[in-house]
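Below you will find one chain, with nothing else, as structure tokens; this is the form predicted alone, and questions on how it binds or moves follow later.
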Amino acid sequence: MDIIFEEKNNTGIIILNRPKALNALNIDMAKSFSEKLYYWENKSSIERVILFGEGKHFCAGGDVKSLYLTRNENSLKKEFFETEYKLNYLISQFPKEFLSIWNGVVMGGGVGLSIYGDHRLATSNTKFAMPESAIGFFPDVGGSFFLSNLPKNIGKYIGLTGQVLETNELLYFGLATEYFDINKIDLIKEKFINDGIIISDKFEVNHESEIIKNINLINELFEGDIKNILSNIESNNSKFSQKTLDLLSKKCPMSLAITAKLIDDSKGKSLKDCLETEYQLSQKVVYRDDFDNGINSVLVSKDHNPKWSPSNIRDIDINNLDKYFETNTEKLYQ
């Protein structure tokens, strides 16, 4: 089974069970997850829920590879995102204590399964990212909501670069809520399942880490639309700017343009409204050649040399982006 549910000592236990695929979330897992949460919400004996991944990782994201393999227009491309985004919102509204153990890789769809819960425990090997711009997509699963709520344009930096964050940054920005020693993972599970107690360890944030040290520079560089951002970075001579430019040069130009607009436009909006926007956007972006090319390059052929169209940020008409944000299919929530 790709997802396992157990009940023990008033605790609902959810185990993502695709370790060979880094526990990537497929549509059947998302459906089962939703059904179980509805059931546990109304079951008085269940007081709390714990979520973790089998093996060394939490969840590498949604199973977008399956969307590529089906190709062309099909119901899966609607049903997958509809199911996943509704699950994200369901988790945000779940009334009982919800704990996720962020061991190993926590990316994309894996973030959406956990970030709206009460507790997100990071460890020394946690690797967090929203890497969608590398596959011709955009940071979804409510990414526009939580990234737009981070301070000083750090959300745009995370969403555009796909940069991997580790425990230091996750705790500093409040993306993770607690830290624990990796050697205590079994004890963490046991204490929460048996007693509802969360064990955590002290963590001293290093304010001299690269991202935190450059937060004011990030705020300046990532102000405005993608063309403004590119101009800001190119006119700055710092090593950090050069490194950032190198990161962006590998991403899909249209994904970068859409992502910058999406995060800017989402400031002040509710999670529900952000998920609605993302759903409408997804049903256009998945049919761009960039999406198929990106997934093939990163996840299928793994040549890591996608051919983007347009190939350069300068060739994008910023005023033409609005068409991607128009409602074109039935809404997630009527």
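Just so we're clear, the structure is a prediction, and the values are computed from it rather than from any experiment. In case it trips you up, residue 1 is the first one in the sequence shown, and so on.
Beyond the structure shown, there is the form predicted together with a small molecule, which is absent from this document and is the topic of what follows.
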Counting any non-hydrogen atom inside 4.5 Å, which residue from 64, 29, 50, 275 sits next to the small molecule in the predicted bound form? 64
Can you pick out, from 147, 256, 135, 141, the residue that has a heavy atom within 4.5 Å of the small molecule in the predicted bound form? 135
Can any non-hydrogen atom of residue 16 be found within 4.5 angstroms of the small molecule in the predicted bound form? no
Is there a heavy atom of residue 107 lying 4.5 Å or less from a heavy atom of the small molecule in the predicted bound form? yes
Hey, in the predicted bound form, does residue 21 get a heavy atom within 4.5 angstroms of the small molecule? yes
Even though the small molecule is not shown here, does residue 60 get within 4.5 Å of it in the predicted bound form, heavy atoms only? yes
Which is the contacting stretch out of 264-272, 292-300, 277-285, 37-45, given heavy atoms within 4.5 Å of the small molecule in the predicted bound form? 292-300
